[in-house]
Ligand SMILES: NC(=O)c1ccc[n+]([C@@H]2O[C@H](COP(=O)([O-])OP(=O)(O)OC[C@H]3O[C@@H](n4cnc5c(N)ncnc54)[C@H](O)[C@@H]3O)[C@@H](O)[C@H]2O)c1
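The chain that follows stands alone, in the form predicted alone, written as structure tokens.
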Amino acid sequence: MRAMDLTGTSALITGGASGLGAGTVRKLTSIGVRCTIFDRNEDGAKALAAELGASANYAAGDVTDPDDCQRAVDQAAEGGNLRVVVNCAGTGWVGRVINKDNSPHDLGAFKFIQDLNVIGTFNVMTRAASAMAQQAALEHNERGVIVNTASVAAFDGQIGQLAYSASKGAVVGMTLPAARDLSIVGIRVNTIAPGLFDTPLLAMLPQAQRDALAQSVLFPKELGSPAAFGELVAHLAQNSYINAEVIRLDGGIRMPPK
């Protein structure tokens, strides 16, 4: 198998202080990757970096702010060995096309979700790709990999997920053209579309509701773990022949209308 050696490389993970991002940070550091945790939650990012010691550092900031993104990329790329970028920062929103009183979906809420989930991914991806392209090539002229995070909502959007599904559909839609654009400099681009994962967002639900969600998964009947997400990120980083792919990580679930 053609593989990218990650030993001694650096990675940038957005939303890395918790949930899928933290699962990715833990996995990558365990295989010798030095991770920069980029998150608005400075306390959480600082705490995780302290826990992992020399294997991690953090950059507090917002993915919707281009200057914050550039600063985080510069920090992760210091030393010239940034090879992995993972975009996990994002959130959801509930709102129908029209409300119960027939008033239209709030435009501000729709824009907020696009700014965070789409523009935030764009900001980090473009700036990271620019930095990675200027690094020395590895074996087979490879320079690194970018992994973005979509959602099964990109394909199975539920009632009330107009803004969220639109944003994750955009992340899916960027995958192939980004991979084509960056192929000339040896940077791969893939996207993971997770299903129901045991993240801080779902942790806010009552246990009975969490159990019911787990039972809706085809097999295994459990919520996905951030560790499983991190495992897939690591495989996508190491397996050099996986490129321009959108991979559902969902236990086979197909979301119902509601």
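A quick note: this is a predicted structure, and the numbers were derived from the prediction, not measured. Position 1 is the first residue in the sequence shown; the rest follow in order.
Here the subject shifts to the form predicted together with this ligand, a form of this protein not shown in this document.
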| property | result |
| --- | --- |
| Listed residue that, although this ligand is not shown, lies within 4.5 Å of it in the predicted complex (heavy atoms), from A227, A50, L202, L218 | L202 |
| Listed residue (L116, A77, A166, A179) with a non-hydrogen atom within 4.5 angstroms of this ligand in the predicted complex | L116 |
| Any non-hydrogen atom of L20 within 4.5 angstroms of this ligand in the predicted complex | yes |
| Distance check, V85 to this ligand in the predicted complex, heavy atom within 4.5 Å | no |
| Partner contact for S151 in the predicted complex: this ligand, 4.5 angstroms, heavy atom | yes |
| Distance check, G90 to this ligand in the predicted complex, heavy atom within 4.5 Å | yes |
| Stretch in contact, per heavy atom within 4.5 angstroms of this ligand in the predicted complex, of 143 to 151, 94 to 102, 183 to 191, 126 to 134 | 143 to 151 |
| Heavy atom within 4.5 Å of this ligand in the predicted complex - qualifying residues of 169 to 196 | P194, G195, L196 |
